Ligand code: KG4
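Next up is one chain by itself, shown in structure tokens, the form predicted alone.
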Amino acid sequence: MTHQIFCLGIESSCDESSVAILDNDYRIHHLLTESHLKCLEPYKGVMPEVVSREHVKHLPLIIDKLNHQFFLSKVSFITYTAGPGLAGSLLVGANMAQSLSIIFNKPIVPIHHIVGHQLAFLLEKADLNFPCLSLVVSGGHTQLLLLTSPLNYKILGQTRDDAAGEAFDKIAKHIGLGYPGGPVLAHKAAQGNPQAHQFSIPMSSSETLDFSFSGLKTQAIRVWEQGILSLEDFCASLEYTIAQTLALKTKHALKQHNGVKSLLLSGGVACNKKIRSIMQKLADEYKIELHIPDPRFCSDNAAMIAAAGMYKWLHASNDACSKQDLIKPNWFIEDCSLF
């Protein structure tokens, strides 16, 4: 019988305080998440100082609640998001991990936030075939990566300015949908006509696999201010254009890299139904598998960090773990050793 290993995962890179207990079969025993979006409503955006204070307030309460449900002394190690993210928020989670490490005499394993998103598929025990093309789409990141295994990757393209989720939220804020406006925009889009206005697809004539959304953001704001579209049609047309942009670059990547067997879509924006639908059509066209984690594992959560930490613990040398900086707010995925 395989010895059962437990890990404690902590995620605090932005505006969610999240803690999870995971075993070596990637089974979630506990997942507790406290969102701080409510306290950000007056600011209509992320305020680093505000969310840092919320993490200071809520993470100890979540840990205390978890400790009444699970003896934390049973965990083999503690894993946490070391970056990228907001420095203050990351530091709260890292200090919590370090404190628990001292209290329970357990090693700590730092995890890159994007790796957490990519390895979220482990939580659903998906049989992902390699090589795999991975598209990570979130509020702060839009990246295409080629994975030959969960531990080996190559950056193919990434955003040169705004991320897709950032564009959604900034445009939604400008047209009065509040913060975070992306989900509200998607709800309005479902009631509109995606062909009502034809926005330009950013970098559509370029074979590069990089993304750019700042120009589309400017274009969309100008169109909105002209008052020629209903709210629903505007949102539907914008959502469709962003989805088409992601699909176009992904299609270029599939053409440039023969032999890809699966497509992985992850990150908070992967919750968007239009994007999920268009990526499914692309996977069907190329006759490859598409895997998108359940929406609860697409948005920031400690279970995905615990899954990445468990994979690292089981399949990679942990000698390098103690050599990492406590946090790396600007931890670029292409210039560091993730495992």
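Position 1 is the first residue in the sequence shown; the rest follow in order. In this text the structure is predicted, and so the values were computed from the model without any measurement.
What follows is about the form predicted together with the named molecule, which we do not show.
- Considering the named molecule in the predicted bound form, the lone stretch of 69 to 77, 164 to 172, 101 to 109, 229 to 237 in range is 164 to 172 [heavy atom distance within 4.5 Å].
- In the predicted bound form, the named molecule lies farther than 4.5 Å from every heavy atom of residue 247.
- Taking non-hydrogen atoms only, residue 138 approaches the named molecule to within 4.5 angstroms in the predicted bound form.
- Contact annotation: residue 194 falls outside 4.5 Å of the named molecule in the predicted bound form, judged by heavy atom distances.
- When contacts are judged by a 4.5 Å heavy atom cut-off, residue 88 does not count as touching the named molecule in the predicted bound form.
- Annotation: in the predicted bound form, residues 182, 272 and 300 each come within 4.5 Å of the named molecule through at least one heavy atom.
- Of the listed positions (186, 254, 209, 201), a single one reaches within 4.5 angstroms of the named molecule by any non-hydrogen atom in the predicted bound form, namely 186.
- When the named molecule is considered in the predicted bound form, only one residue from 150, 116, 93, 268 comes within 4.5 Å through any heavy atom, namely 268.
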